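As a starting point, one isolated chain is supplied in structure tokens, in the form predicted alone.
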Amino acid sequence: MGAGIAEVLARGGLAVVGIEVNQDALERGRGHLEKSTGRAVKRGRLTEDAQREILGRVALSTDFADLADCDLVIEAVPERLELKRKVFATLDGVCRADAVLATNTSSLSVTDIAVTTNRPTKIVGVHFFNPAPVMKLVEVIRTVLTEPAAVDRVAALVKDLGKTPVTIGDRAGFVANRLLFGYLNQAAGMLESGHATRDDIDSAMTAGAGLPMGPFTLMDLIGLDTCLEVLEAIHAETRDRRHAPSPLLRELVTAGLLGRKTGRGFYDHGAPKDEAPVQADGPAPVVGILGTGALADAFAALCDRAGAQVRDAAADLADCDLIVEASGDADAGRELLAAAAQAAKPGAVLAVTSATVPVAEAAMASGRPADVVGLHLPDLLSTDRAGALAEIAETVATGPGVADRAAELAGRLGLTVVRCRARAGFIVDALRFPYLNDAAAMLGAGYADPDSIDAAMTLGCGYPTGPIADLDRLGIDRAVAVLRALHAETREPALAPVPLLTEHVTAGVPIR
């Protein structure tokens, strides 16, 4: 990270002094700089002359005294508070009185670092994201002691470097990590509880939520020890159980299984890669669709693309392989499903699409609970792409092999299928809406504005859209309904919809 930040500054035409703890570390840093800029040359993004100019702007040293004339010093040592305090105490003694000292901490309190110096008004946080030369977001953190001029100077520099600064207050995790790690931690808890498998959770969040990678792939990339450190820092400040590290995560770290850097974490990175799943083979099924409305229409269109025959009248359901209740109304849906159950042939699969009404309730009301599964299509209304996600959930009453049959039929419709237990939100909504709730809480508290929150997640974490934009895209009413279902099921306080969301639903106005 230190080498990456030095490269960003040097690419911006600035003279840089890079300090390391010893000569070996210094040579490693030099190697990082040369390798990173060398890759850019090979890819045609940098000329050899430009590479030499960039490297020529960076002077490397092991002597803190060489920082005496610097206008800005950025610390990027490991995330240990006492180590950072020690570094800042040294910097305070060698740097000019008007120099701004910045910490690249991703989760620790900037204030805790600032108060160990004699210049707390000139201490800021400047959180670059890894890899620093590539990632566009930089969180600029002010404390209650920081003078506005120091924050403005750093934010202006970040902008001049071609990055997007987001200026915020000093809260553990800031914006991006506070939102990201609550979601990652919940995913670890979901795996630990047996709700779904590692692979199904990762697949659900890429295929159904459009994320660049699933939570376990991402945690292994970040490093599980780093994940644990960030969660512990946020939990120490908030005491929010969403950030209390999952016992499974802690166990993996204790065992030294830290992800890619040790070869094994949630995944074994030395094992052969799994082969791509085989597409379900066979003719497109005959599908009955119960109800009218946007979801029923979207599912009918999906069936048409797959070449499936569609039945939408109760009298025509006798030859259906799959009957999908997509009414969007719990009471009407139960009545429709019960009527369909009487008309359906033996072996037909009955599917309930609601993510907020317990599947077991509809199953028992149908009179054929052994044939009922949940079939959740989290983003069907917002995408028409092939391979849209289908989450198949079985209840305790679902008969043997019925969920397998449902998964096969969904696959023959061209859907990407994952499996889970029948719980509120299935996988995608159970992970996505609490994260959006956290973002709404951050907005409601005045900690950051909508644009800053969205920029943090798109530019800092690579999300396709930010959480505030997602709330308006997916529907605040849907968010509140899923959160209420999750809260009713778990009684977890952090899953109750925050006042800002319920207020907007009551008023009928979007967040922005």
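Just so you know, these numbers come straight off a predicted model, no measurement behind them. For every residue, the number given is its place in the sequence shown, counted from 1.
Just so you know, the form predicted together with a small molecule exists too; it's not on screen, but the next bit is about it.
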{"item": "Stretch in contact in the predicted bound form with the small molecule, which is absent here, among 146-154, 417-425, 262-270, 102-110 (heavy atoms within 4.5 Å)", "value": "102-110"}
{"item": "Non-hydrogen atom contact residue 283 with the small molecule in the predicted bound form at 4.5 angstroms", "value": "no"}
{"item": "Partner contact for residue 163 in the predicted bound form: the small molecule, 4.5 angstroms, heavy atom", "value": "no"}
{"item": "4.5 angstroms heavy atom contact with the small molecule in the predicted bound form for residue 64", "value": "yes"}
{"item": "Touches the small molecule in the predicted bound form: residue 25 (any heavy atom, 4.5 Å)", "value": "yes"}
{"item": "Residue among 432, 122, 376, 127 with a heavy atom within 4.5 Å of the small molecule in the predicted bound form", "value": "127"}
{"item": "In the predicted bound form, the residue from 301, 77, 318, 89 that sits within 4.5 Å of the small molecule by heavy atoms", "value": "77"}
